[in-house]
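This document starts with one chain, in the form predicted on its own, laid out as structure tokens.
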């Protein structure tokens, strides 16, 4: 590990990251611990979190409001890439990790720290995302991982904290592990560890149960400019406001719930519950607008790029040469992806029911089957003959 005198610790205010403060000082000889809590639009009051860090022994407690940065610089590129891990999960938690890592590195450089630290365990994806992102941003910084190495149970961790004045949780701890930001919620553990068990309704906070949703559908018109969401029902909104409003509207219709068995990077299968109303609707709408504005070969080739892009984000390689290169491709494809998509939200479902764009490649007088048809049907005969020639030759050969 090597000695570190001043450390910036990624801090959430929970038991593990609070106990990290005295542990780093008393077990690993760190002189000063500076905590950094990232406000990514999770909706919580950050002042108690800031104060708890100071009471737990931090010499300074920082709160970074990075919500706009999070949506604009991380979520929007992922939407442009239609990023869905294993075709389902829109990376709401995974996208937050490279930003938090960047905030840690920036704080370490500002305060002259020689190390950063986080409270991730050895079983999850986040340890990889933090460690690799930090190494990419500043390979000279040491990364300390006390919770990965201390080997204490939760009860032992709480008892250790009490020795240094960190109060035990005042109420019975939730059986669930929950991560939350503006893009969504990730819930695991407790009864959810049984893949046969239906998730209890009380784990959901962003989305209504189907029985409680409106009995009438709601239509949204989402405007995009070069692949970025820009407006809602004709009103131009900031990235944060747009996502916030869409979360509320889509969640009200029960849209955005995901229950999946996920393949973690470390080789473990995990049952995960996600609530990501806005992200799922935006990716659905964006992909549909691409079908109107991109040529067939670009659309089809981009699907493979999207899969690789998604895997890189999930696997903690946001800051990598390959993602930079893929990003250049994605950004080029988005130059013509401007227009409006109309979606219908009803009883937990999203359906694209209309789309329009000044850059549309849909040609009505070629597509129509009516009297206005301009397609030269006679030209099709020669095309079909040439296209099918290899198959015809093969069939004749096989019949000999």
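Positions refer to the first chain, counted from 1. Given the structure is predicted, the values throughout are model-derived calculations rather than measurements.
One more form of this protein exists, namely the form predicted together with ligand ARG; it is left out here, but the text below deals with it.
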| query | finding |
| --- | --- |
| Heavy atom within 4.5 Å of ligand ARG in the predicted complex - the one residue of 318, 74, 224, 89 that qualifies | 89 |
| In the predicted complex, the residue from 125, 138, 213, 228 that sits within 4.5 Å of ligand ARG by heavy atoms | 125 |
| Whether 94, 129 and 186 all lie within 4.5 angstroms of ligand ARG in the predicted complex by heavy atom | yes |
| In the predicted complex, segment of 178-186, 138-146, 76-84, 199-207 with a heavy atom within 4.5 Å of ligand ARG | 178-186 |
| Ligand ARG contact in the predicted complex: residue 274, any heavy atom under 4.5 Å | yes |
| Exercise: residue 309 in contact with ligand ARG in the predicted complex, heavy atom 4.5 Å | no |
| Exercise: residue 262 in contact with ligand ARG in the predicted complex, heavy atom 4.5 Å | yes |
| In the predicted complex, residues of 282-316 near ligand ARG [heavy atom within 4.5 Å] | 314 |
